[in-house]
Ligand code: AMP
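Here we start with a single chain on its own, the form predicted alone, put down as structure tokens.
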Amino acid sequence: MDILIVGGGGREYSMALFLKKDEAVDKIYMASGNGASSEFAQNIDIKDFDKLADFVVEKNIELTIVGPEAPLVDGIVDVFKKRGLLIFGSSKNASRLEGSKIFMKNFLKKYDIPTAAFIETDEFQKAEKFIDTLELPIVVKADGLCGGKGVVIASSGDEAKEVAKDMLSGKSFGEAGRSIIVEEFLDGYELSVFAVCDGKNYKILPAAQDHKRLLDGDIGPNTGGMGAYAPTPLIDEDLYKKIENLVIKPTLSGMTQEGCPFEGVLFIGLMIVGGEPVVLEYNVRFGDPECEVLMPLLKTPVSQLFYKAAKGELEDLDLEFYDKYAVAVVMASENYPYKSSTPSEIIVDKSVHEELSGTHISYAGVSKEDEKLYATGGRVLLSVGVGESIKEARDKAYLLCGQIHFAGKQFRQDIAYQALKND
């Protein structure tokens, strides 16, 4: 079959990379892809949903997979389904789970899904009053999409009030921050759990752990993610069952009751507090960089997972995973996440790279000029290692990092440290 992938970051590149190895896949199109994806996919520059649907009809593309959240929130799935086209992703209404933090928090409250105490407001005085009741630190979130950067953990009441005021005034995140969530801080450890859903059925993927902070030891500003690993030993069968029964099942049941059955990827950001799962947030797509460590673990052909989910046939799929581990290290540009950086040519020592079995590069913020790749984005690429243990996968990922060069490159040196701290 021919497949269209919407998006052009590391997540979408990783999907395409593993789909191209799939015997069921003939041709891959990417809208818009990146400078490296043109090696194995046809990049197309079409952003309008109706024109993109026209292209799918013209090329007889059998399945469209949506990677990023923005087109989902903007209703691409609804446009395609209205045309009778097969597409993997959540509807506009279902995508409110990510598109509006206020909708999400009220949904959690309505369906008794565990979450932190909170208020939603567009009034500073109300936020200020609630902040004064909370212990430190305090979490302040912009309601709308902010590219993964709309959450601030304030270390004092004054800082929380200043953050709230800046969001509500539009200074921090424009219209996305005109309404906010203020909530209690939860003390525990974070997990990323993904369920691929078809409206009725679901398949749970191995739990991953992301590293949001820029610097080693989880300090510095929040980013879109500086690395991830999966599966994590910080979860066992009992915790999986709790997540399934306390979170996934009531979420899917609740969305059906809301009139928007959930299809696509339900990404649950969890805080584990005293062995109990508490929902921090939902996303309606694969995480980035979590997707890059989940794709290599799939033993079942990737196309089958997406196709069966889009067709509503997940119940018939026997989903299998390799008994291995994957670690991805994000290599970012010099000034990330503060400002853009000067484009720099990427040099990879291919002779060494080819000897490192179980490794690959997932490209993200790159462009191509005269057959050379340039680092042009904040998160430039991911160095991925796969091994029989987390340590082996991590060591491979960092060996590969050493073979990749561009001016100003930066990356964390401690990805997967929580899983390996006793090694």
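Not measured: the values here are computed from a predicted model. So that there is no doubt, residue numbering starts at 1 and follows the sequence shown.
In what follows, reference is made to the form predicted in complex with the ligand, a form of this protein that is not presented.
Practice prompt. Quick one: from L85, A154, L214, A116, grab the residue that has a heavy atom within 4.5 Å of the ligand in the model of the complex.
Written response: Looking at the other structure, the residue within range turns out to be A116.
Check your understanding: Pick from V139, V73, L252, C260: which residue has any heavy atom within 4.5 angstroms of the ligand in the model of the complex?
Key -> Of the candidates V139, V73, L252, C260, V139 is the one lying within 4.5 Å of the ligand in the model of the complex.
Since only the chain is shown here, I'm wondering whether F185 would be in contact with the ligand in the model of the complex (any heavy atom pair within 4.5 Å). Yes, F185 is a contact residue.
Can you work out whether N222 and the ligand are in contact in the model of the complex, taking contact to mean some heavy atom pair no more than 4.5 Å apart? N222: contacts the ligand in the model of the complex.
Within 4.5 Å, heavy atoms only: does L280 come near the ligand in the model of the complex? Yes, contact at 4.5 Å.
**Report entry** Touches the ligand in the model of the complex: M271 (any heavy atom, 4.5 Å)
**Finding:** Because a heavy atom of M271 falls inside 4.5 Å of the ligand in the model of the complex, the answer is yes.
| query | With the partner removed from view, which of 331-339, 280-288, 302-310, 155-163 is the stretch that lies within 4.5 Å of the ligand in the model of the complex, judged by heavy atom distances? | reply | That would be 280-288.
Considering only 70-107, what residues come within 4.5 Å of the ligand in the model of the complex, judged by heavy atoms?
Stretch hits: a single one, K101.
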